[in-house]
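First, one chain by itself in structure tokens, the form predicted on its own.
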Amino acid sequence: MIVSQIFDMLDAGIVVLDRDLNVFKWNRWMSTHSKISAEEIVGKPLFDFYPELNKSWFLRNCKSVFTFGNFAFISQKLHKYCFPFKSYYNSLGYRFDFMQQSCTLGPLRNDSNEIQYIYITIQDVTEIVAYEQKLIEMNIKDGLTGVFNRRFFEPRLEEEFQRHRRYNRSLSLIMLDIDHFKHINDTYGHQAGDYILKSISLLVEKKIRNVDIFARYGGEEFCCLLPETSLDSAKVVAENIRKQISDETFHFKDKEIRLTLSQGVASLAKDIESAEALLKKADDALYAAKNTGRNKVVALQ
């Protein structure tokens, strides 16, 4: 009786399976999160309720425990979860499709020291995973805009440069700069400037592909790396971004703000021998755009 109470009071899932993988025990935590009572599931095959577990990785772990009496661990990093339980927003505001779980399988022996059952413990590690994700984002994302930061961008530029050079593929880079950004800060305040940086980041991300790498390079300057993209195609992307921004009216509190972008575009070519050279060529093109009227795209061959 006492063991049964403890079994149901634990803040973790506990499932006991027999050798045919029928459910022998199903604690209250499992009932709460699965919405399946012990009365419904005990004595029945686990796979009748969770057919997605009828996979080689799960069967292999069960067989190992029954055969050798060892412990098996099902990592959240590899499988995310065993049981697809609903996930709620955690303290950091992340939302996962399902509760993130760390699971352990172990043997239960009878009086003759024979393995009669195996148990599975299910730990909710969603909060830990969210915290880890937050740390990763803090390392690679710009704190204000949420796009990639320079620390992340520069090694990726080097990787993509080497890969595209090795396979002789097209690679282009756009450098973007907000025209007269200091004037926006001086006129409307730094909060308005922050709002503009965040708004432009969102608009640009909608104009590029998932494979493209968009980063805040510093201040009001951004970079967009376009894999498998020719110079002409990159110019089209840059022009679409330029037009989107110039046509937009940004509303900050009771103020309407209009602005433009200058952009420099460069593409991988035989005379570009390093990632730094590609970046400098795009920067030179941006400088040319700034010095020939702004609100334009300049591409250097």
Partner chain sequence: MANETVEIFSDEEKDILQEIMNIAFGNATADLADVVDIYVKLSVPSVQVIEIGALPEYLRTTIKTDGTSNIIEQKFWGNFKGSGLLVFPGGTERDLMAILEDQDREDISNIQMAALEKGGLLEIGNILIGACVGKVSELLDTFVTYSPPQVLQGDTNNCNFLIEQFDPSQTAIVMKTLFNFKEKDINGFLLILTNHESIGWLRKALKNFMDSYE
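The model shown is predicted, which means the values in this text are computed figures rather than measured ones. Positions refer to the first chain, counted from 1.
Another form exists, predicted together with the partner chain; not displayed. Remarks below refer to it.
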| message | Check residue 60 for me: does it contact the partner chain in the predicted bound form (non-hydrogen atoms, 4.5 angstroms)? | response | yes
| If you check in the predicted bound form, is residue 117 within 4.5 Å of the partner chain, heavy atoms only? | no
| Does any heavy atom of residue 95 come within 4.5 Å of a heavy atom of the partner chain in the predicted bound form? | no
| Using heavy atoms and a 4.5 Å limit, would one call residue 131 a contact residue for the partner chain in the predicted bound form? | no
| field | Listed range touching the partner chain, judged in the predicted bound form by heavy atoms within 4.5 Å, from 135-143, 221-229, 173-181, 120-128 | value | 135-143
| query | Is it the case that 27, 33 and 88 all touch the partner chain in the predicted bound form, with a non-hydrogen atom of each within 4.5 angstroms? | reply | no
| message | Within 4.5 Å, heavy atoms only, which of 150, 77, 209, 169 is in contact with the partner chain in the predicted bound form? | response | 77
| task | Just give me the single entry in 64, 246, 233, 274 that has a non-hydrogen atom within 4.5 angstroms of the partner chain in the predicted bound form. | result | 64
